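Listed next as structure tokens is one chain, alone, in the form predicted on its own.
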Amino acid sequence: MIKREWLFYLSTLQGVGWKTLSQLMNLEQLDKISERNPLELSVETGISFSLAETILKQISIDSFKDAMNQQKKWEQQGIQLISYFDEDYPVLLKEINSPPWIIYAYGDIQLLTEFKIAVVGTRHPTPYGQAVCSAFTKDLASNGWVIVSGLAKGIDKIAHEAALTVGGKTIAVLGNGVDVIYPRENKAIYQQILQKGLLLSEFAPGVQPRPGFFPQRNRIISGLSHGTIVIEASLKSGSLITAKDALEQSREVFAVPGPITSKESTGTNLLIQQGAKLVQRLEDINNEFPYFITEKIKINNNHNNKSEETLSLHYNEKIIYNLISSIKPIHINHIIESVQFPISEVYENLLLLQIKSLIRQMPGNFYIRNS
């Protein structure tokens, strides 16, 4: 817990980005960092002497407490902090070369454990690209795939909307804080994803978008996913960066072919020339992941077993279970305020529901249903 707290605290300090944080993680006891002088810190971690001075000047008991209080406020808003050391940290994301030390999640974090496929493409799709993206994504989402994209204009937005239209699930990886809506025209789809999906970012809540943040977040889009599908991309498209990241992460890369006369298909057609798998229908994707079908059957069987078990819940268990959503975590205080029985019974019934694997506790005394 100390390592997790200090990991978050250090990430809030001026001058501490992913690279510096990675260097500081070489220290055996992060909470003893203030006992070092700038030269010692520089020698032990490899950061510059001036940066070591800047960091040490900021460290104090008061600033540490402020950071912890800020984290609690975010958790009360429903924004979860997931560190590299937490059980909730996505397994696939740990496998990439530069995994984010901390990710902020706003919505249904259960989606991080499910089968995910990234759908990316140009911000300026042609009518062909729009139609293909919508149809393809609906098929994928209806078939149980969680759709991952970047909530940008164009293909990203269409992919998120298509998934939600058929009752599917989607994750938006942002180049800003999870509580920041960008671009503003995406406000409606942002709200839908918050209610029915998941917003994810390595940038702290409140952080505004910057040009350099978007290429940086692309490695997370591909890193979370079993594969990446590119639908329309010019030769200078950021989607090709995502495809490159996927290849470096040893993930599958798929491309939808387009007309050779279309500028927006030059990038996807080039990917196919370079070895990306050409895809035209859902089966082209599923055939590359035979274990997906097997696991989906297991998940459906487990879901049926859970449904049968909920029928045998006692009265107070049912009341609490019905308060807890599988989409958005609920805080213990809200549960206590919503029921009419003693606090001790609330905790007792929460424990029983966890033993039955119907719910689970999250950091910050939040609870969520197990899918």
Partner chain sequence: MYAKLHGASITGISGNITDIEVDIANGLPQIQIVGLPDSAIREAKERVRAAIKNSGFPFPNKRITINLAPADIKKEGAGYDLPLAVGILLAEQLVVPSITLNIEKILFIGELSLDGSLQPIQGTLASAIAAKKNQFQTMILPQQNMKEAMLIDGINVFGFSHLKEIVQFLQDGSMTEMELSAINHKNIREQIDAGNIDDFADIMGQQQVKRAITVAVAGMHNLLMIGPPGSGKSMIAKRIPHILPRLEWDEVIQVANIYSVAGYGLQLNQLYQRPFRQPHHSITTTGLIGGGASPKPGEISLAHRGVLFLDELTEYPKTVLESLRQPLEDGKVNINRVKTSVEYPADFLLVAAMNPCSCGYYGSNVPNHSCQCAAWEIQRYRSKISGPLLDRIDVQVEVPWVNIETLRNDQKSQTTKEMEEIISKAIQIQQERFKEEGIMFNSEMNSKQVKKYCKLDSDSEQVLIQSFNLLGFSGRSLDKILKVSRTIADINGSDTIRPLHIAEAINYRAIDKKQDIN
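Basically, rigid core = biggest C-alpha set you can superpose within 1.5 Å across the two forms. Positions refer to the first chain, counted from 1. Because the structure is a prediction, the values reported are computed rather than measured.
What comes next is about the form predicted in complex with the partner chain, which is not displayed.
- Relative to the partner chain in the predicted bound form, residues Gly154, Glu348 and Gln354 are all within 4.5 Å by at least one heavy atom.
- Taking the partner from the other structure, the partner chain in the predicted bound form has no heavy atom within 4.5 Å of any heavy atom of Gln216.
- Using a 4.5 Å cutoff between non-hydrogen atoms, Ile33 does not count as a contact of the partner chain in the predicted bound form.
- When contacts are judged by a 4.5 Å heavy atom cut-off, Asn333 counts as touching the partner chain in the predicted bound form.
- The closest heavy atom approach of Gln249 to the partner chain in the predicted bound form falls outside 4.5 Å.
- Gln130 is the sole member of Asn269, Gln110, Gln130, Ser83 with a non-hydrogen atom within 4.5 Å of the partner chain in the predicted bound form.
- This chain lacks the partner; the member of Ile343, Leu323, Met68, Ile59 within 4.5 angstroms of the partner chain in the predicted bound form by a non-hydrogen atom is Ile343.
- Of the stretches 38-46, 60-68, 325-333, 24-32, only 325-333 has residues with a heavy atom within 4.5 Å of the partner chain in the predicted bound form.
- The Cα position of Gln361 differs by 2 Å or more between this form and the one not shown after fitting on the rigid core.
- Core-superposed comparison between this form and the one not shown: the Cα of Ile335 travels 2 Å or more.
- Wider separation of the C-alpha atoms of Leu199 and Ile332, by 3 angstroms or more, is seen in the predicted bound form than in the present form.
- Between Pro363 and Tyr182, the Cα distance is smaller in the predicted bound form than in this structure, by no less than 3 angstroms.
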